[in-house]
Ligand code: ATR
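A lone chain, given as structure tokens: the form predicted on its own.
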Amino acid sequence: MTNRKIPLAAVIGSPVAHSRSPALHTHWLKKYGLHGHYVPMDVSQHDLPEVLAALPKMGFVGANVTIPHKETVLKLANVVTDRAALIGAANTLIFRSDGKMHADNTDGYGFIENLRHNAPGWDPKSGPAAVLGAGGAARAVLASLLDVGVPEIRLSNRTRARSEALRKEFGAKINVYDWVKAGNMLDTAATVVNATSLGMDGKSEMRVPLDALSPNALVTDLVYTPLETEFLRTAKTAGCMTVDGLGMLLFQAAPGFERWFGVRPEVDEEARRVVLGL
């Protein structure tokens, strides 16, 4: 018997019932024989400040944050990491022993680790990157690609103004293309990223022509339902190396788990199967 508190963590969003994070974190807790629990919490925007203030008193050591709270928590946190501030959103909260709430963003880390592990020969400095989309996920992708030394990022979004706003924020290495000409930015691109929801189950298909893809390009899709999107299938047919989006979900989860439960979990095939429900 022990009087030590069992650490608790959560994923907070609305809706949140679809999240695979509880399955993943529960799998890791069991795998490493750790005391702890990880639960989903559907919390409204209105209730978010009150809920976050109460969680540490209930034994929570941290939380993942998903839509629609990733931007809001930056205003509520006492400490915000540089990368969370740059991306403009947080996905990982740590409730510190000094009473402060620490906000971080591990999405960019998860994105890069997914590419490094599943495309070991990938060299981010080998040529331009082309990124489709300008939402929250794209912000994390842009920040991480610039951080690892991509020389140029070509960016296109259905609403051009959002791309232009990101160019102002992230600097001169970002070149904006009109959505109707997005296919042109794939020419000579060494890395190609779909950071939109196009191609996801229940969403419209990606209509951007991929004819200009180089067979030497690495192509990745942040969508992982389905695991192989039409975008990735077309790229594979063109001879490109492709990486699905599931690894980003797995790798972004690992730093938070380590901070909360004290063990750095391994991202492996077993973890993939758990998240896929296999």
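Don't overthink the numbering: it's just position in the shown sequence, from 1. Bear in mind that the values here come from a model prediction, so they are computed numbers and not experimental data.
Form predicted together with this ligand: not shown, discussed below.
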**Message:** By the heavy atom within 4.5 Å rule, which residue out of H117, K173, R162, H102 makes contact with this ligand in the predicted bound form?
**Reply:** R162
**Prompt:** Of S144, T196, T106, T191, which residue is found within 4.5 angstroms of this ligand in the predicted bound form when only non-hydrogen atoms are counted?
**Reply:** T196
**Message:** Looking at heavy atoms inside 4.5 Å, which stretch does this ligand contact in the predicted bound form, given the options 121 to 129, 77 to 85, 153 to 161, 91 to 99?
**Reply:** 153 to 161
**Asked** If you check in the predicted bound form, is G136 within 4.5 Å of this ligand, heavy atoms only?
**Response** yes
**Message:** Although the partner isn't part of this model, could you tell me whether W179 comes within 4.5 Å of this ligand in the predicted bound form, counting any heavy atom of the residue?
**Reply:** yes
